[in-house]
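Let's start with one chain on its own, the form predicted on its own, as structure tokens.
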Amino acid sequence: MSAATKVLDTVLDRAVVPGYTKIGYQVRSKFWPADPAPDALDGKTAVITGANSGLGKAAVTALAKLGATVHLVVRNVTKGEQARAEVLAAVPNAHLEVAECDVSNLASVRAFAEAFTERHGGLDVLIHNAGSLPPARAETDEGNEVTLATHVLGPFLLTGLLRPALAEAHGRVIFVTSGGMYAARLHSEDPQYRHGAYKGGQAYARTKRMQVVLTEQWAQRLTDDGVAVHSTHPGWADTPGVTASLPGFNKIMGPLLRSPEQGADTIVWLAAAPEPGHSTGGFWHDRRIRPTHYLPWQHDDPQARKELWDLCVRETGLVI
């Protein structure tokens, strides 16, 4: 990438609106790193949560085209089977399996991980894509705030339980986060959002910040296993989740929103391209590592980072 294109890329990123919309995608795609080889994932196995619609289904389709056997992890098997049929219509030779798992429910995560490891060997790609943005505070049956359970605790537990399978394949873990995390800090004093007026968008941003930090922490712990861990944000994409959770935003930004395929591009690139396998712990957007804070003097408090990891271990019961 030339100096001029680096400047253009950075300007798009800091300006947010052009960088996060399809404008950024269209401009950057003219100079970003090469696509994965057409057979990059032949013989590989991928697991993706939240796979029945939006970014998840777009990623499943792209992974299948690259040759992967893809496990669609969904809460609703009927919707999962419908998504499977739609992907098969686009990729007739795709190898797809549908598995039921509510990522916000730790018991469900354990059941899925146990079933997967009993039936399969190594795992090449694990994509944490399932998301939630409830309008009001809600708790799971296990007593965890829903966005924390969906974005943080469930993925943390699933990563830990599938660690042996990932290590066997020298696999990759990808957290699908959000640019909204720039507006949040770690709230180690109230991770379950029990105090103050609950705001769904704020809860979403908080947990997305947590995902970025956990990416860095998992990257350090899994280095010796040969497992790469990255996070990525898709920009602003036109998905059922955006339409349902943020109808006003969707109405205003509609013409500029990325397609699900454009939003899923870097997810798939991180799963299949050679370059991301040579590093770990990065936060990516449009095939380039981005800063985790806009201002260089900002940082995540070290004690809050430790408390986040300790929270995850405590609430999930994961033996590290």
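The first residue of the sequence shown is number 1, and the count goes up from there. Please read these numbers as outputs of a predicted model, since none were measured by experiment.
Same protein, other form: the form predicted together with a small molecule, not shown, and the subject of what follows.
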| query | finding |
| --- | --- |
| The small molecule in the predicted bound form: contacted by all of 52, 79 and 204, heavy atom 4.5 Å | yes |
| is_contact(residue 208, the small molecule) in the predicted bound form, heavy atom dist at most 4.5 Å | yes |
| The small molecule contact at residue 237 in the predicted bound form, heavy atom, 4.5 Å | yes |
| Residue 185: touches the small molecule in the predicted bound form, heavy atom cutoff 4.5 angstroms | no |
| The small molecule contact in the predicted bound form: residue 231, any heavy atom under 4.5 Å | no |
| One residue of 215, 159, 147, 177 in contact with the small molecule, assessed in the predicted bound form (non-hydrogen atom, 4.5 angstroms) | 177 |
| Residue among 126, 227, 72, 103 with a heavy atom within 4.5 Å of the small molecule in the predicted bound form | 103 |
| Among 188-196, 111-119, 94-102, 159-167, the region lying within 4.5 Å of the small molecule in the predicted bound form by heavy atom distance | 94-102 |
